[in-house]
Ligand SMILES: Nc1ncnc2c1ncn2[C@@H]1O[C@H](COP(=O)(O)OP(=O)(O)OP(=O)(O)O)[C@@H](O)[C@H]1O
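Only one chain is shown below, in structure tokens, and it's the form predicted alone.
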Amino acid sequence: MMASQGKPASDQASANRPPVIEAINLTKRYEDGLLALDRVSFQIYPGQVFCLLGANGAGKTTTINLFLDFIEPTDGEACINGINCHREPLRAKKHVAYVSENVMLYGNFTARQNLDYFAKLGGKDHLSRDDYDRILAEVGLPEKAFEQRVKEFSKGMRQKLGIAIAITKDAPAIFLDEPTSGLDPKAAAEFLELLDRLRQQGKAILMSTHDIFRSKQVAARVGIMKAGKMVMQRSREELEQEDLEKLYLDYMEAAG
């Protein structure tokens, strides 16, 4: 069980604040006619985690890629802090940090060297060695790993370093694509505790995942995607009265 200091922010608690992350009828149709995303809409407020559940090919990664301007939308809008990610991509990217399923790091660099490199790449050139060590400790890396080459890291350690890079950027929005995939139970639990701390700091977090149990544990809202459509959204309060695993299986087995 996660050692949380408080429940994820509810929709009611966020009602008076503008969303940090917002999808408005977001649509992506490829040139071959494939409709990868079909009018998807949702909002994520400060201090909220929104978990996207769905099978491979459901549209979860496509959604994240549209926010990051890796691909262009066919219709609709993806906005971060009110900035349209397609019309003003460079401005929007200043407000977002991204951690992929397989975090891209420099294997011959140490953890601290990776953190220094990516911090300076993001314009954070005022941080000291002590600052880096504090951040690495905050994400749960042992001190002996600070000077260890990243090619020797486990996947869980790489994910923690990816989060450290995201923390260094201090962006209000964080995107996570299958962050617990391939992690052992202990590493996954530690990762979710870290995620909860970021939520408590007011970050808006969009997480694509297959992890139904931890989604219900950490999310303010959960969305289920199927064939490019958002077929269900539920708040944490609503899910306290329902069986999320049964809901997920029902939607996956439903025709259409």
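One-based numbering along the sequence shown. Quantities reported herein were computed from a predicted structural model and do not represent experimental measurements.
Just so it is clear, the following notes concern the form predicted in complex with the named molecule, a form of the same protein that is not shown.
- Using a 4.5 angstroms threshold between heavy atoms, Tyr30 counts as touching the named molecule in the predicted bound form.
- Although the partner is absent here, His210 is a contact residue: one of its heavy atoms lies within 4.5 angstroms of the named molecule in the predicted bound form.
- Taking the partner from elsewhere, Lys60 is found to have a heavy atom lying within 4.5 Å of the named molecule in the predicted bound form.
- Residue contact with the named molecule in the predicted bound form: Asp133 places no heavy atom within 4.5 Å of it.
- Annotated contact segment (heavy atom within 4.5 Å of the named molecule in the predicted bound form): 51-59, selected among 51-59, 189-197, 38-46, 213-221.
- Taking a 4.5 Å heavy atom cutoff to the named molecule in the predicted bound form, the one contacting residue in 164-195 is Glu178.
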